[in-house]
Every structure is written in structure tokens, then in C-alpha cells.
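This document opens with one chain alone, in C-alpha cells, the form predicted alone.
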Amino acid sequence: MRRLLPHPILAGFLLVLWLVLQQSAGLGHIIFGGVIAIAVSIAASAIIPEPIVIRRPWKFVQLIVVAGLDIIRSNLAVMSVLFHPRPNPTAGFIEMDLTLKNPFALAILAVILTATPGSAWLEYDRARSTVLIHVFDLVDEAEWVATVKKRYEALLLEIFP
């Protein structure tokens, strides 16, 4: 079974995504989506050799909600800065130490930071375990570091071993 479906969570997610995008749960869509999900799962085993382990799935749901709300809030904040520009822009770079080591957790953090308007994950230094982030409206660097560590990194440390 492991040979046919090396990454069952990925395959299940892709099948559900396929059905949502098709806006149908007809038998043909389920079969075709299942074939695609299995094929992608097998292809992904070449680049993702170890299985993805999620320790606390409800914390993952909490992370999605927190990140979603932060993205909405950040959209509004960036819109406010663009419509009411200040005389001295405050864009800047932050180099932050990370406790995360899991590559999947790091990838999720990179997606969250880049998907949030006003911030971008630029570079990760594995040797020093630091990340370079660009912030569009950098007022307080310590507040940004605390926000990332408390809201995202803490949850990701609970989710991934």
C-alpha cells in the first residue's frame, strides 16, 4: 500500500482540492482526481523521501486561521500606508534567529511570510538558522520578531516534530 500511496495526506488533499475546483463530486471527477492524486503522490516520493508527520492536526487548523486573519489585517495595513503615505518610508530588513529545523515547517513559514502583504522571506541560512525578511512598513523590529516567533514559529514547532 505504501508503494501505491507513499504520501496519503498529500493525495487526499489533492483529491479534495480537485473536487472543489471542479465544483462536482461526480464519479468521473472522483476517479480522475484520484488518479491524479496518486500519480502526484508517487512523483512526490522522489523529492520528499520521508513521510510528513503532523503531531497536532488541530494546531495546524489554528495556524491556518491565525495566518488567514493576519493576511487580511496586513492587506488593510498596507492599503492604509499606500493611501496615506508618510514622508519617511520605513521599509527595512530583519535578520531573525529561528528554532525551526523541520524543512516542511520552514517551507510553511516561508509561504506564510511571503503571502502576507508587506513582508517577504528572502533568504534562509541553514548554518546559522537565521532568516532574512523584508518588511514594507517596519516600525518596530522587535515587535515583528516577537510576532513571527509567537504566532507562527511556536505553532509550527508544536505541529512538526
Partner chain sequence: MISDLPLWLSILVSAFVVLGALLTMAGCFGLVRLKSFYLRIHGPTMGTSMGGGLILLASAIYFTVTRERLVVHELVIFLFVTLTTPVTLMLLARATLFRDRVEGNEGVPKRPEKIETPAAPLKT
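Definition used throughout: the rigid core is the maximal C-alpha set that superposes within 1.5 Å between two forms. Just so it is clear, the model here is predicted, and its values are computed rather than measured. Positions refer to the first chain, counted from 1.
Keep in mind that the form predicted together with its partner chain is missing from the display, and what follows is about it.
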| property | result |
| --- | --- |
| Val135: touches its partner chain in the model of the complex, heavy atom cutoff 4.5 angstroms | yes |
| Non-hydrogen atom contact Phe32 with its partner chain in the model of the complex at 4.5 angstroms | no |
| Val53 within 4.5 Å of its partner chain in the model of the complex, heavy atoms | no |
| Non-hydrogen atom contact Thr114 with its partner chain in the model of the complex at 4.5 angstroms | yes |
| Interface segment, criterion being heavy atoms within 4.5 Å of its partner chain in the model of the complex, picked from 123-131, 54-62, 33-41, 97-105 | 123-131 |
| Within 88-114, the residues that have a heavy atom no more than 4.5 Å from its partner chain in the model of the complex | Pro89, Ala91, Phe93, Ala110, Val111, Thr114 |
| Core fit, then Gly26 C-alpha moves 2 Å or more between the shown form and the other one | yes |
| Pairwise C-alpha change, Leu82 versus Asn88, in the model of the complex against this form - closer or farther, 3 angstroms or more | closer |
| Cα distance between Pro85 and Ala110, which in the model of the complex differs by 3 Å or more from this form, closer or farther | farther |
